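One chain follows as structure tokens, the form predicted alone.
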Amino acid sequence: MSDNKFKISMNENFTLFIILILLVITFSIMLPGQFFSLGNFQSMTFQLPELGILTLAMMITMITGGINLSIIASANLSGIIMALIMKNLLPATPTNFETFWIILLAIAAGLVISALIGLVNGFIISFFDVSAILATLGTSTLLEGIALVITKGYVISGFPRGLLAIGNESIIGIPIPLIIFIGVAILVAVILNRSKMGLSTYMMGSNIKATKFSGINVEKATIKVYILSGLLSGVASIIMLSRFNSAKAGYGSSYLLATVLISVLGGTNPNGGFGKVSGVVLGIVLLQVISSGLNLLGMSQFLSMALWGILLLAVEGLRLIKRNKFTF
């Protein structure tokens, strides 16, 4: 990344950070002893990771100039497959050894399914010259249909305690989902900034023709990005399955637009070529603070969504002013 882009990223992250601090102060004043409490922050850290990982899955495809509208359907189908494996293979009174290996098998199967979905998306986009929005919308509809056929619209629930610990327990006071999210965010940041795959991802979003002339196999690079996006959806699915103790077609449908909003709010260029994990993390925390604060104030979640939109428009307006040096 050029020095100029790095400076832009730092400036935009600083703007989000200032807004975050102001919101925390505002909610702390309005909700003395409630918002700025250990219980509230622990609640936020349990809720944030699944949406955060799904947003990273969305962001990496947006950097290429594409999009992945199948992340939620992919996560739900992966969760259903994992749920069915555990429900059908676990005996009535399993030993700890049996439970461990069946949970491991279920998680592995879920991740393989999500990676295969990513592979299919990448293949369709690369070799059939279908736009990412149409390809992934079609895949999403297909996956949702498969999930409904498998479950008949019912909820699958009642999983072993070992799985539930992933989404509900803590290690030295730090929620396990948050640890997973931090690990995933670091991994994605390393891939984007320190690997050949990351370089090709940014190049494809900046200028696809120049990328082809530079000798990069654009088709192969695109498939890799969508496989990674699928895998991230699978990881989010594990947390969702564990936290809700259930799997169903249609879970988390409200997350889809939120992932696009957070990606753009975090500085990802919808046209491709630019996006940083740090910006996405700040965007996630910012929206979680808004949701938590409004929830404690007893306000509707629909108002929270409206404020997300207002915030996005305001931040994008500030960015436009900075980049073009508009004056009033």
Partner chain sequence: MKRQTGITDIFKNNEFVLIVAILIIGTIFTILKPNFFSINNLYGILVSNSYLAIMAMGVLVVLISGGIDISFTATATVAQYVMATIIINNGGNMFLAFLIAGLVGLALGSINAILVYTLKVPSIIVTISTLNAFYGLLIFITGGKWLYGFPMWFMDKNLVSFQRADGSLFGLSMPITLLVAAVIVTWIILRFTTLGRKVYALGGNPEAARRIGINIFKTQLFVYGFMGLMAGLASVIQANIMLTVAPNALIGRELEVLAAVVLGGASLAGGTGTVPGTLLGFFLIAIVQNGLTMLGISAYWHKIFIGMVIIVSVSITAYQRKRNEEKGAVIDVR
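Treat the numbers as computed from the prediction; the structure is a model and nothing was measured. Residue numbers count along the first chain shown, from 1.
Beyond what is shown, the protein has a form predicted in complex with its partner chain; the following relates to that form.
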Can you check whether T139 is within 4.5 Å of its partner chain in the model of the complex, heavy atom basis?
yes
I'd like to know whether I133 contacts its partner chain in the model of the complex, with contact meaning heavy atoms within 4.5 angstroms.
yes
Is I25 part of the interface with its partner chain in the model of the complex - any heavy atom within 4.5 Å?
no
Residue-level question: is G173 within 4.5 Å of its partner chain in the model of the complex, judged on heavy atoms?
no
Tell me which of 225 to 233, 139 to 147, 159 to 167, 178 to 186 has residues with heavy atoms within 4.5 angstroms of its partner chain in the model of the complex?
139 to 147
Taking its partner chain in the model of the complex, which residues along 295 to 312 bring a heavy atom to within 4.5 Å of it?
M299, S300, F302, L303, M305, A306, G309, I310, L312
